[in-house]
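Single chain ahead, written as structure tokens, the form predicted alone.
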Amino acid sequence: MRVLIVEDSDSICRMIEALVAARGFEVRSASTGARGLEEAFAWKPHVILLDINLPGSYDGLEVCTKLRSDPGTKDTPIIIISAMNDDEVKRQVIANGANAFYEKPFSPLALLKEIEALAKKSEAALKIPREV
């Protein structure tokens, strides 16, 4: 399974990369919203982990909206990971189409379980039944 991490904090990115790579997942990362979109469209990950506060032209909410509007990524599970935790942010996260929200600091084990559950759903949705 492929996991894309769009996170500008090197330490958080490396921690998540180590966590998912240890489970045997392929992992790529991007530190800006624009680069995250490029990776998502080209690589087609099974799950995307997305920070809200990203440098550059697109923040995480805008990235989420763009991913949801593209036919190739509209069903890809998105987990938002952010230090922003007020009710308005959480409302925007859901309104923009994210599947889950994790507040920093987060439990690595809980995040890993969420990634695995969403990745399995994503992978199952991509399988095409064989004709008999």
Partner chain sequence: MSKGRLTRQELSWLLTQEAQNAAERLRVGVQVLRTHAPPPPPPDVVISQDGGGEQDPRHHVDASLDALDDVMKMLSNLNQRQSSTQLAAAPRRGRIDLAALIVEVAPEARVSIEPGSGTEVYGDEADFRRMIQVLIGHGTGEGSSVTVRRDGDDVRVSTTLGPDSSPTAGTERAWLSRMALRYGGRHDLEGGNETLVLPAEQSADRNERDALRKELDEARAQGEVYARELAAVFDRGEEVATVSSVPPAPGPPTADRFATITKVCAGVASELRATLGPLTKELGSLRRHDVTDEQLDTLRRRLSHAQELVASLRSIGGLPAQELATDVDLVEVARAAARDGNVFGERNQVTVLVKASEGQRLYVRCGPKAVAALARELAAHAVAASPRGAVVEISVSDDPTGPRLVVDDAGSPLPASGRRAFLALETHAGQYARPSGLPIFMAAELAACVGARLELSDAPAREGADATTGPAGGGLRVAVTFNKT
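Quick caveat: nothing in here was measured; it's all calculated off a predicted structure. Residue numbers count along the first chain shown, from 1.
Keep in mind the form predicted together with the partner chain is missing from the figure; the text below concerns it.
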Review point. Using heavy atoms and a 4.5 Å limit, would one call Pro55 a contact residue for the partner chain in the model of the complex?
Key: no
Exercise for review: Determine whether any heavy atom of Leu109 comes within 4.5 Å of a heavy atom of the partner chain in the model of the complex, and answer yes or no.
Suggested key: yes
Check your understanding: Though only this chain appears here, would Ala117 touch the partner chain in the model of the complex if you measure heavy atom gaps against 4.5 Å?
Key -> no
**Study point:** Any non-hydrogen atom of Ala83 within 4.5 angstroms of the partner chain in the model of the complex
**Key:** yes
Practice item. Given the partner chain in the model of the complex, answer whether the residues Asp10, Met15 and Lys66 all have a heavy atom inside 4.5 Å of it. Key: yes
Point to revise | Position in contact with the partner chain when the complex is considered in the model of the complex, options Asp59, Glu38, Asp75, Glu26, heavy atoms within 4.5 Å | key: Glu38
